[in-house]
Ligand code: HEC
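In structure tokens, one chain follows: the form predicted alone.
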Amino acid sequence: MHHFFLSFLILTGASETGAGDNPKEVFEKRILPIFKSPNPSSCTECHLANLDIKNYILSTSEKTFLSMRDQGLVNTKEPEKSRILKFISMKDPSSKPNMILAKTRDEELRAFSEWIKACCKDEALIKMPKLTQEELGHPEKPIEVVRHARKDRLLESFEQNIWAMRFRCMNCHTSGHPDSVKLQKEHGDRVTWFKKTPAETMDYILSKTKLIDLENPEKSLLLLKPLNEVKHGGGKKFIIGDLGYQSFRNWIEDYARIKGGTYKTATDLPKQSNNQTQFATEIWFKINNTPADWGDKLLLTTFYMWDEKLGNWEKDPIAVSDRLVWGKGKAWQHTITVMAPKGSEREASWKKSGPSLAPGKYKVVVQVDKEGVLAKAWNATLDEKTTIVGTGEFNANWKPGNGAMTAIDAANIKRQ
């Protein structure tokens, strides 16, 4: 009954204060207390920075209403459908319920519903001239920066940069996995920071661990551990400049900049590097009998699938992987990260059923960072003219698991 009554109040704008239909009175009793409150607004559930409902509240009821009206945040004909109410009512579906924020949201929604309803009954107010651009109430940062700091945007980036690389280090950090049992007994639950979903994992890292150093992102344990610069039971999983390190650091640097408020304009935001969605796999690829001059160097593989209909290789790569060549063993091997063009049927299929590679004909382009370019500049891009050492074609069935890896001989890679 209580929930039904609360819903009725929100939808109808019924007053709990007896302020009546005078917009100014409702504003002073319901809206100004929100503006003066030292507590964060419900916006913080979905926005990590740059936005608070207080950004839209001006000094008077009249100016606040006109500002919202002019920005399309108020529906003067159907007040209950106003965009500002929709925004306030939004919740972060990836986060656990927060009772404090839930209470704040309900209070804001009731207050703004009542005030907007009162304002929309004032025909003279509705017809007042537009405010100038300078008079409008809005966040200090541009809308592009505000949107970039949303948690759902950060989660999308997390999925592409951390989750898509998880098989480089996931087994030892997942509760219940055989590789993690001993470590969990020795070091506690903090070892198992990989959870069932990307959202749960990101939330755990940000709220329950000290894996990220916001002041010095490059010194975050989420980087130093896999580099083995801080003692790591799993040994060295990254080297500076490899795909895993670049992905993890890009995400950490971005998060630190969001929280630190260093993004000022849209041009400050990270550039989108490609139009493909990445998916982690447990599919392994191996190159045997690697030449001596590849030894102990970072080797990057880029895979292309043969298109029978076109009678040619697909334009976009379908997978990538990199790792140091084992010089003494004359071999290179690693799991591959597969990719699908955004908006494609392949992307939709992999999101629904999980990534896989069809049996068939493939091409691998092999690059070797012989000069240590990436070690000198972690976010550099390898020059194909100087680092591609050859291309190999092969047929593969692509089964997951280390014991079922696809392998070719380095002799089958045609030198450049």
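All values derive from a computational prediction rather than experimental measurement. So that there is no doubt, residue numbering starts at 1 and follows the sequence shown.
Beyond what is shown, the protein has a form predicted in complex with the ligand; the following relates to that form.
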Inset, instruction - Answer for Pro226 alone: is it within 4.5 Å of the ligand in the model of the complex, judged on heavy atom distances? - result: yes
Legend entry - Any non-hydrogen atom of Leu211 within 4.5 angstroms of the ligand in the model of the complex: yes
Inset, instruction - Could you confirm whether Leu221 comes within 4.5 Å of the ligand in the model of the complex, counting heavy atoms only? - result: yes
Inset, instruction - With heavy atoms only and a cut-off of 4.5 Å, decide whether Lys185 touches the ligand in the model of the complex. - result: no
Inset, instruction - With the ligand left out of view, choose which of Asp203, Glu159, Asp122, Asp92 has a non-hydrogen atom within 4.5 angstroms of it in the model of the complex. - result: Asp92
Legend entry - Candidate from Lys259, Lys286, Arg147, Lys330 lying within 4.5 Å of the ligand in the model of the complex - any heavy atom: Arg147
Inset, instruction - Given the ligand in the model of the complex, answer whether the residues Asp152, Cys172 and Phe238 all have a heavy atom inside 4.5 Å of it. - result: yes
Legend entry - the ligand in the model of the complex: contacting segment from 25 to 33, 360 to 368, 378 to 386, 38 to 46, heavy atom within 4.5 Å: 38 to 46
Legend entry - Partner contacts in the model of the complex for 70 to 92 (non-hydrogen atom within 4.5 angstroms of the ligand): Arg83, Ile84, Phe87, Ile88, Met90, Lys91, Asp92
